[in-house]
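Starting off, we have a lone chain in the form predicted on its own, written out as structure tokens.
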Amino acid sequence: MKPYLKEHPWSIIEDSFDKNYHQISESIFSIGNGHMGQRANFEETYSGESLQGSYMAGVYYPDKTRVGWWKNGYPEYFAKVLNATNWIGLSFKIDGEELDLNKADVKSFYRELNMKEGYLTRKFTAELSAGKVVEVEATRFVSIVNKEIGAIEYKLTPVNFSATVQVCSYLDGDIKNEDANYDEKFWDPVHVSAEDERTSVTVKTKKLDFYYCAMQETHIYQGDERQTGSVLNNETEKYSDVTFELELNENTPMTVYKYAANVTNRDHDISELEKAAALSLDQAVQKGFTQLKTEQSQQWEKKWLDSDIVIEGDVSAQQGIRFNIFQLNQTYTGEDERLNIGPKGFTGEKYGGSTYWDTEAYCLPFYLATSEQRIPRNLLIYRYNHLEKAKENAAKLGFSKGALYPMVTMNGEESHNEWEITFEEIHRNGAIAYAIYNYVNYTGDKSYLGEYGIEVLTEISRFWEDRVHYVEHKGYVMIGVTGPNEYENNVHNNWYTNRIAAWTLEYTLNVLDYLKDSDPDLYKKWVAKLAIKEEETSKWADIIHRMYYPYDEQRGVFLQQDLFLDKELMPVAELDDRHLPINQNWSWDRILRSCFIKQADVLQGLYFLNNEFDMDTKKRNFDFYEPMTVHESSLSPCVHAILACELGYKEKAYEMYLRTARLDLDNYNNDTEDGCHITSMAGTWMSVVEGFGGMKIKNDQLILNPFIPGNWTSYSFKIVFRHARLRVQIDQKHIDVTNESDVAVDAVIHGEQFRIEGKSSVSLDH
């Protein structure tokens, strides 16, 4: 796709209207606040192709599974984030003609997502069929101060006419998901009301009894004078509106202010839902649009204080990283341990909006380094709270013990229905275990191990024990698996899966030893509660010792799976461009038989367990696998960028960084219209901080080995480490690390030991 967005350090800008890009823009210009989100649909009527999307966090529907051939063990449903009541709706009829950019002659168009202050603005000039020209400026946001409030300011100016206008402000709950398996609507009506300028719609899901109330109040001004004239209301079973009729005067702007409260029974009793919406709405209306927008800006300033990355000399890279950080911050706030991070966030329906292993593997590091400790801890507790469901998932597949965390879930129950992923991509269990290690290693919060961690680790280890089996000529093996590279299914001894399984067993035994030494009473409690036997831990030790790892002696590389060398090996560079992306141009059979790799697989293991491998091992494996990687998973470029940085492959690292940073802005994989790739956006942050910044934690010490791309003047990032907040700035000659907190921290920078006291800095040349 030809890039159509303008480069800007703090904004995403579209300065013309192209219907072919409309759904892509609807994804990119989405807004959210952790509680709800809204695709960048137009407020006014648009009859062209569009994916309407209003989403509420934690509200989902168990859409009955639809497959061609049912296999025992399939989940009964696929959990889907719901397209909820459309609260932004406005329509304008000017002398009877509806304002619709799909039909009008659009003379000018400008849209800007202001990431610094957290709002969306759109301006356009359009000529209606009767020759009437209107100018519009619309601004909206969802509040991160009051999570239940959305607000719109919509200013319309008649340029060359005076006329009668009907303005309809509506709430529409009679909507459906585009990805509904059976084309059904998931919402049932509960109650609607419409009286003067305030209307509401309350609906409930057909299953699970999620209740959702949207309530709006609409005010119209001409100049500074509020219009209180002719007002009509309308109600149907899932719809309510208020319609104003007034006279437009040439060159006199009319401004519509729309405030909406969006509340669910996740936060309020069902009987109090409408009262809660009214209270929240009253507070918003009392403040007014200007004050709400000022509060929005102030709160976003605080978010950027801890999470911003500044790049000088490369506007494209700067815009890319801020877009990724912005989307992460508006998708997940960490305030609610019942919530997690869906792959599309609040930007689309694809992947069901559910929880994947993406959170543990890619998102956790971002929140570890940019948030209060309780926020990443809540991500771990989310999984702990689903442990019993994970044990049920393992039992459903015939395992006698242990826990298998789901590939896709909303409530801990597996809801993914592709055989080779649901039943074979079991490496996700290792990511859950690794997240516990990563959290403890980064924060030093070892109390988590004794409170929650050891129980999760033990049950995951029991699953691995049950999943492997022993053969004389190899040792312990795992057959019939799919590794991170989903372009190979049902393979035997995927190196990464075998290694992360054995590593989990090692880590679990280490944690047991730690608890035994540090708190014998707590250790005895867990041993008794979990019924841990010596023969069980001895078996784990045996699996660790005799786990089989496929390896090519000649090349000195770990084999992705037993038969990988039986493939016809060739680099992606030898493919004609017409074949790419192969997932849109090749049959699945051809993909599975090819050597081409969707995302980091062996290299995922080298990234996770980085300290276990020497540089020569990393180099041999990177040099072998990266040229065969098509990077058709959004999760792929970041891991390669980080490893490339470590290996000194600066050009490759920068190439991979741009690919992950601008994946959606430049629509690399031709799929942004479905929604942005939120979880991989955390990988973009990792590419800068862990890649270019060379950040690692080893032996409780912060390690930095930064370098700077040649076309950058400087870059800086902030991290919170062990309650200290550090600002790291790198230019072409110097490295400066400033401790902005009062907490001293030890750091190793390019191999040199430093103690950075509170409110002090260290500098060195490089």
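Note that this is a predicted model, so its numbers are computed, not measured. A residue's number is simply how far along the shown sequence it sits, counting from 1.
What comes next is about the form predicted together with another copy of the chain, which is not displayed.
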Stretch in contact in the predicted complex with another copy of the chain, which is absent here, among 479 to 487, 534 to 542, 88 to 96, 315 to 323 (heavy atoms within 4.5 Å)
479 to 487
Looking at S230, S587, S129, Q286, which is the one with a non-hydrogen atom within 4.5 Å of another copy of the chain in the predicted complex?
S587
The unique member of D241, D666, E424, E349 whose heavy atoms fall within 4.5 Å of another copy of the chain in the predicted complex
E424
Indicate whether the candidate residues L120, K155 and E272 are all in contact with another copy of the chain in the predicted complex, with contact defined as any heavy atom within 4.5 Å.
no
Report yes if any heavy atom of H734 sits within 4.5 Å of a heavy atom of another copy of the chain in the predicted complex; otherwise report no.
no
Evaluate L565 for contact with another copy of the chain in the predicted complex, applying a 4.5 angstroms cut-off between non-hydrogen atoms, and reply yes or no.
yes
Does the 4.5 Å heavy atom contact test between G223 and another copy of the chain in the predicted complex come out positive?
no
Determine whether any heavy atom of R377 comes within 4.5 Å of a heavy atom of another copy of the chain in the predicted complex, and answer yes or no.
no
Residue by residue through 411 to 426, tell me which have a non-hydrogen atom within 4.5 angstroms of another copy of the chain in the predicted complex.
H416, N417, E418, W419, E420, F423, E424
